[in-house]
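What follows is a single chain, given as C-alpha cells, in the form predicted on its own.
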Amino acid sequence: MIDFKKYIAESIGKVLNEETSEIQNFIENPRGENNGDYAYPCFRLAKILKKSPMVIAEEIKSKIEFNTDIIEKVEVAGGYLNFFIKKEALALQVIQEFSDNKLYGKSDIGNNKNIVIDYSAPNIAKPFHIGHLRSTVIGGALYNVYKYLGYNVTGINHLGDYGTQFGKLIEGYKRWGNEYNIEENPIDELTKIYIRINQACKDDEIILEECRNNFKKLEDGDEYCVQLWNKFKDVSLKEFQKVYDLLGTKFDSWNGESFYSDKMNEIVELLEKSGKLEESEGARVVKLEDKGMAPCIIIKTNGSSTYATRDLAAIMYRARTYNFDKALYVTSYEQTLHFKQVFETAKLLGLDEKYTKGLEHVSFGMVLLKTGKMSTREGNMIKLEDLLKESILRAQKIIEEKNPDIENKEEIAKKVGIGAVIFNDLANSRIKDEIFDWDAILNFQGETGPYIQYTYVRTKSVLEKAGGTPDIQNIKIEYLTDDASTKVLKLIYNFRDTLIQVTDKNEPSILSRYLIDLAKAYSNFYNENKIIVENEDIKNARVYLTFAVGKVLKTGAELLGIDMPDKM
C-alpha cells in the first residue's frame, strides 16, 4: 500500500533537499475537508530561509513534482501546503490492501523489539473491584495492539501478594478467624477481617506493630505465617480467575511481588556498592533530593522490604529474562511519585542504559464513586464481578425487548454487556478520573461499545443479503468516489496509523474514538447510498466497502478486548 504521507514527504524533500523522515514528522492531518488530506506547515522554515511561511509554501508548490494519479492537487492556505489525494487512488489502495492482506492494518514495525507490560495486579485477599478494571483493560488493549504491530510482548500480572497488608490479615485471622466462613465465601470474609483489623490498628498502635512484625515473620519464612499466606493466595486466585474469564483476559506471567522475595538481597548489595544506600532514622534509603524527590525507602526500620525494593528486583529480573526495549507499568496516577523514585533508583543497579530508558509509567485516572474514592479498608467498593454480571443481565433484557426470537441470547448478551463496560473505560483519555455511574456505564445509546457492535452486525446483515463478499476482480473503484464513500475509505486507510499512535502514546482511547468515527461514517454511507441495487457494479463496490468496514470494526474492537456478536 502506498504511504501517502511518505510520498508527499519525498516530493517535498526533493525541493528542500531535506531528509524524507524529517519532513514526514511534520506532516499533519488537517481539520476540515476543504484543507485537503495532508498538510505541511512551513512555519519552521521561516527563520532558516528568512521568508514568510506563505511565500515558502508558494515556492515549494511552484517547484514540487508529483504523480497526478496519486495527488489530485496542492493548495496553499496561510503557511500550509495542503495536499489532496486523488479519490480513485485512495479507493484503489484500500481495496487492494484488503485483497492482499487478511489481517488489515497489521505491521512488522515492532519486529525484534521486546515489550513488557505490567497490568491488572489486584491485591490478594481483597475484592477484585471496579478500580482494578482500568489497569486490566488498558493493559490488555496495549498488549493486543503492540502484538498486532509485530512486537514481542510479555503480559505480567504483578499480583499484590506481599507486604504489610498480609501482616494485618494474618493478625486479624489469628484473632477472629473462627468467626468467619473463609471456605465458603473467601474474599468477602477476608475483606471483613481486613476492615476490622484496620480499625483495630487505628485504635491501638500496639496491634499495628504486631501486624508489621507478622510481615517480617512472613519474609523470614515463619511456618504459620507462610501457611496462612498460601491459603489466602489460593482462594484469591480462584476468585480472580472468574473475572478474567468474563473479560477474556490472559497473562504470560503471574509473578507477583512475592516472586521477588529471594531476589531483593542482590538489589540491596548493588545499592550498597553504588554508595548511595544510606541510613535514615533506622531505615535504609536512597536519597533523591537532587532530583526533587523524597528518599526511596529500600529497607524499613524493622528490616522488612518495601514496594520499591520488590519493584527494583522485578526490573532486574525482567531485564535479564525478557531483554525488554520498553517496560510499561499500567497503574493509577497515585503511584506516579513511587515510579519516579523507583526508575531513578534503578539507574544505580548497573543495568544497561537501554533498560532504564525503557521504563515507563502508563498512569490513569481513578474510578470514583459519586460519594468519593473507593477503599477496601473502609468497605465501600463495587465488585467487578457484580458489575459485569449486572451489565450482562441488562443487555439481555434489552435484547429480549428488541429481538425476542433471536438465538443464543445469553451469549450475545455477554458480548454486549462486557463490551459496554470495556468500551466505557477505554472511550476517554486514560488520565481522566472516571465517576462511576450505573446509568452511564450501561447506556446502550450514543458513542458506546454496543453502538460499534450494532454497526458491525449491520455490515454482516448487508453481506448476507448481498449473498456474500464479491470477488475483488469485480470491484470498480469509480463507484467509491462519492463523499460518503471517500470519508469511510480515509478512515480505513488510517487504521494502521491509528494503531501506531496508540503505541506511541500508550493511549487505547485513540483506537476507541477511531472506531466510533468509522461506525458513524459507515452509518452516513449506509443512509446516503442504497447498497443492494440492480446495477451489479455499484452493488459490488458498496458491498465490498461494507465488508472492509466490518473487518476493521471487528479487528479494532477485538484489539480493545471486545468480542463482536454476529447478530443483535
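The first residue of the sequence shown is number 1, and the count goes up from there. These numbers were taken from a predicted model, which means no experiment stands behind them.
Keep in mind that the form predicted in complex with arginine is not shown, yet the notes after this line are about it.
Touches arginine in the predicted bound form: E171 (any heavy atom, 4.5 Å): Residue-level check for E171: no, no contact with arginine.
Arginine contact at T455 in the predicted bound form, heavy atom, 4.5 Å: Answer no; every heavy atom of T455 is more than 4.5 Å from arginine in the predicted bound form.
Residue contact check: G155 to arginine in the predicted bound form, 4.5 Å heavy atom: Taking the distances in the predicted bound form, the answer for G155 is no, it never comes within 4.5 Å of arginine.
4.5 Å heavy atom contact, D118 and arginine in the predicted bound form: Contact check for D118: yes, within 4.5 Å of arginine in the predicted bound form.
Heavy atom within 4.5 Å of arginine in the predicted bound form - the one residue of Q341, T331, T486, T191 that qualifies: Of the candidates Q341, T331, T486, T191, T331 is the one lying within 4.5 Å of arginine in the predicted bound form.
Sole residue of G79, G358, G160, P470 within 4.5 Å of arginine in the predicted bound form, by heavy atom: The option sitting close enough to the partner is G160.
In the predicted bound form, segment of 350 to 358, 331 to 339, 87 to 95, 460 to 468 with a heavy atom within 4.5 Å of arginine: Stretch with heavy atoms near the partner: 331 to 339.
Residues N123, H132 and D311 all lining arginine in the predicted bound form, heavy atom within 4.5 Å: All of them do, each having a heavy atom within 4.5 Å of the partner.
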